[in-house]
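Single chain ahead, by itself, as structure tokens, in the form predicted alone.
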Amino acid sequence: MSDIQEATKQLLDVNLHVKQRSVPVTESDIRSESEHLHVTIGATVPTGFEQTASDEVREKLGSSCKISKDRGKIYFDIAVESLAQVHCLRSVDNLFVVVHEFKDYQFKNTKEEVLKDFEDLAGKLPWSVPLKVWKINTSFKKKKTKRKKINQNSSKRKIDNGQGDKLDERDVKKEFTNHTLGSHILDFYENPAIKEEISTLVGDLASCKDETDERAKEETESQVLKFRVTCSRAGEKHCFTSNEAARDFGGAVQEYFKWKADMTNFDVEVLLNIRDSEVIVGIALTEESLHRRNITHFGPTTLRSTLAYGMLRLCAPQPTDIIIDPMCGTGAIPIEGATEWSNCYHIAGDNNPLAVKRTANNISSLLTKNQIKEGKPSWGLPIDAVQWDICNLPLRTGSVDVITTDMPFGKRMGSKKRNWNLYPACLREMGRVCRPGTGRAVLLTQDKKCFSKALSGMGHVWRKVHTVWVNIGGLHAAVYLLKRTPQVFVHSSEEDEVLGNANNEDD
């Protein structure tokens, strides 16, 4: 049996028997589910960018996607082989596997009856397949963490060895063996080329059922799973609170599986999402939001990487495009751009030297992380950081293809009063450096009134194409997609001269 086959069988060791109670599964069920293991994945995304996330899912996974009525959520079906590709999506924050969806749940009239229904619901749900997916997902995360530690230790030992310390040959051999196995396991997720081989191996799971059951039983006897239930609720016609629903449903889940409740140090997080008459039960696949991927040095207004990706995707970057963020802050947008659109050139700039330093540190941290992951020197990223004045950019007229930035809201940065002068000056300078006819800009701001006023005075340079309404930390903000008009930029002195000549002709 090859290393890949062995690693794959370890990953597909998904029978989740617990000490006191197990989900009943027959041998035929195992073979059927393993050969056709498709599940529905739910994902939270930045509000307003549901369509962008849906487009990414269709593009990268080939799956149809449903946008939820509950803002900031999407749902799509995948085969288990695509689970790691789901974790690589750039537009999603958190992931969960759907246990069951009730599109029109019939709530009883009294609180007691509703909560009793939630208690009864726990034993009626199809937990088996979602728990298998959770088990696979957990195995993947453990192997990934293990390989990361091995790579870090390897790098550290190379440094130590250079200083004259001797390595224990047995430790090196053991480390190499573990690293090799971990790499094969990760290949299952990260290398689509072996997808076909994996699909044929999945069917072999039933043949090793007895061995799998025995191992699972031994593991669960030594450790009972800990869990918590998290309830999110929206709607005005509910006679119960989120805490009451989570408490009673969680108690029933605990009784059904014989798990141990733990609100902080838990293994499994069961989700109960309620919106009006829609109820969705799920199991979380992410411990923390996936937007925490690029930034290590934060500022007062650091933008989420998922939102940065959505903004960049709106402007459809093309190969060889020059993309700038003239008010980059900690560099979230250009770093995300350089990571996903490496065939473009990205410039991060800010007038604050501390912001530029943070951006440079974030770029350096990302390069170090990539080097550790790949185990070899990195060639770098197509990005530069520079300090400049947004109203006087050191760039040639018409030299930039895309401008994407998070403009000061006037809350934590700047002021509403200052924006009345800053916004028109920014739009004018952006119009100067942006390429006429093909250039575009994606600008985020919560100061919508000031922005609309500034934009109305620049109608000859910028044309508004689309507006996406988003929620930024509880603030109602807007992302504006602008298109650069074909009109050649005219400097102030030249513009005054043109206007003067026009007035003389009228006389």
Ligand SMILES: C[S@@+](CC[C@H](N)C(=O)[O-])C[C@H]1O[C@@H](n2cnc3c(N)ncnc32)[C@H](O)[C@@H]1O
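All residue numbers refer to positions in the sequence shown, first residue = 1. Please read all numbers here as calculations on a predicted model, not as lab measurements.
One more form of this protein, predicted together with the ligand, exists but is not displayed; see below.
Residue contact check for T286: none of its heavy atoms lie within 4.5 Å of the ligand in the model of the complex. Proximity of D350 to the ligand in the model of the complex falls within the 4.5 Å heavy atom cutoff. Using a 4.5 angstroms threshold between heavy atoms, P408 counts as touching the ligand in the model of the complex. Although the partner is absent here, P130 sits far enough away that none of its heavy atoms falls within 4.5 Å of the ligand in the model of the complex. Note on the partner interface in the model of the complex: the residue among N94, N273, S82, T302 having a heavy atom within 4.5 angstroms of the ligand is T302. This chain appears without its partner; in the model of the complex, the one residue of A385, A355, V229, I280 with a heavy atom within 4.5 Å of the ligand is A355. Stretch 321-329 is the answer when you ask which of 230-238, 321-329, 74-82, 253-261 has residues with heavy atoms within 4.5 Å of the ligand in the model of the complex.
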